[in-house]
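The chain below stands alone, shown as structure tokens; this is the form predicted alone.
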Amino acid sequence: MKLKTSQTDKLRKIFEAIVNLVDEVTLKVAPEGITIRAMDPAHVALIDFEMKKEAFDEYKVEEPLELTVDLKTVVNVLKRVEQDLVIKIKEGANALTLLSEGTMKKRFNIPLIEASEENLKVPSITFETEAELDSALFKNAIADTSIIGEYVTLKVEGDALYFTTKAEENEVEIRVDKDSCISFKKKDAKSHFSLEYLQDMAKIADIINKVKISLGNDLPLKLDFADDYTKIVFFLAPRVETE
């Protein structure tokens, strides 16, 4: 197996968003591309990531591999890669090799670890409320509501998407009108979510410029970031308010 990419910064930022939710991941490397599916320890958030082979400058995979690694270590290595990144593993090896082909030639060996037996499935949910918008708008709305709150209410009402939060006497409301969205599938809906999780997920806005938000009454939130060759989907469980 040998993968080469000049988009090291993009890969690092994706992994940085994931590593705040889950420490260990299994990279499934197939002839079509690489995927990660993982859930945080609290079983609040699920991540489904795919990067197609076309995203790489060189992609040589003869047979599917499953490589479980400590993602924090991978992220720290990617921070030290200057230019092109090469990812290799020899047959029978118990470590993933990352090479930096910049001015300095660097080699990092990251040990593989034993995978958990958990077989995760993406939730099958039909959403009647969807809004696709510039991901920078989404990131800003999460940053604004995070100033005072721990939870945010996402609501579609009329022809607008709202982000609201309250804490003591403080209140923030962000309104994104239908006309400011790329697409808007309207049915009134409202749910409450953790801003701590959403702040990590919103980091993907730095590298993928649009997001589809799928929402329902007290249903998980689905955030779908995608470009031509990369997709990362987050599911976030709602916070159910009690009287």
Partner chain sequence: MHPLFDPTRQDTAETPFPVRGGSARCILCRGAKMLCGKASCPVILRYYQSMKVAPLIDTLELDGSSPPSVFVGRIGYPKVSVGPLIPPVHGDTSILDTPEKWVGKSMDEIVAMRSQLVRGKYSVKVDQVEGGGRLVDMVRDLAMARGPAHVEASFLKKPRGGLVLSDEVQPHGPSAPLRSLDIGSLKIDRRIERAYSDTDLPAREAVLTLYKDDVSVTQIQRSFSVGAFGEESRRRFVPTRWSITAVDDTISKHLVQQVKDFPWINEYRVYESWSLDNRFIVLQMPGSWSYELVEAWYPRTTWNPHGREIAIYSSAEGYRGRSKYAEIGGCYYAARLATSEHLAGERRQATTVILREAHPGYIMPVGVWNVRENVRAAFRERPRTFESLKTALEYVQTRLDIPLSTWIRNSRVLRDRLHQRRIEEFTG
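Positions refer to the first chain, counted from 1. Owing to the predicted nature of the structure, the values given are computational and were not obtained by experimental measurement.
Although not depicted, the form predicted in complex with its partner chain is the subject of the following passage.
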Based on heavy atom distances of 4.5 Å or less, which listed stretch (42-50, 29-37, 178-186, 206-214) is in contact with its partner chain in the predicted complex?
42-50
Non-hydrogen atoms within 4.5 angstroms of its partner chain in the predicted complex: do E16, A115 and K222 all have one?
no
Flag A237 as yes or no: does it have a non-hydrogen atom within 4.5 angstroms of any non-hydrogen atom of its partner chain in the predicted complex?
yes
Might P123 be said to contact its partner chain in the predicted complex, defining contact as any heavy atom within 4.5 Å?
yes
Its partner chain contact at L11 in the predicted complex, heavy atom, 4.5 Å
no
Can E150 be called a contact residue for its partner chain in the predicted complex at 4.5 Å between heavy atoms?
yes
Checked 1-30 against its partner chain in the predicted complex; residues with a heavy atom within 4.5 Å, sequence order, are V19, N20, L21, V22, D23
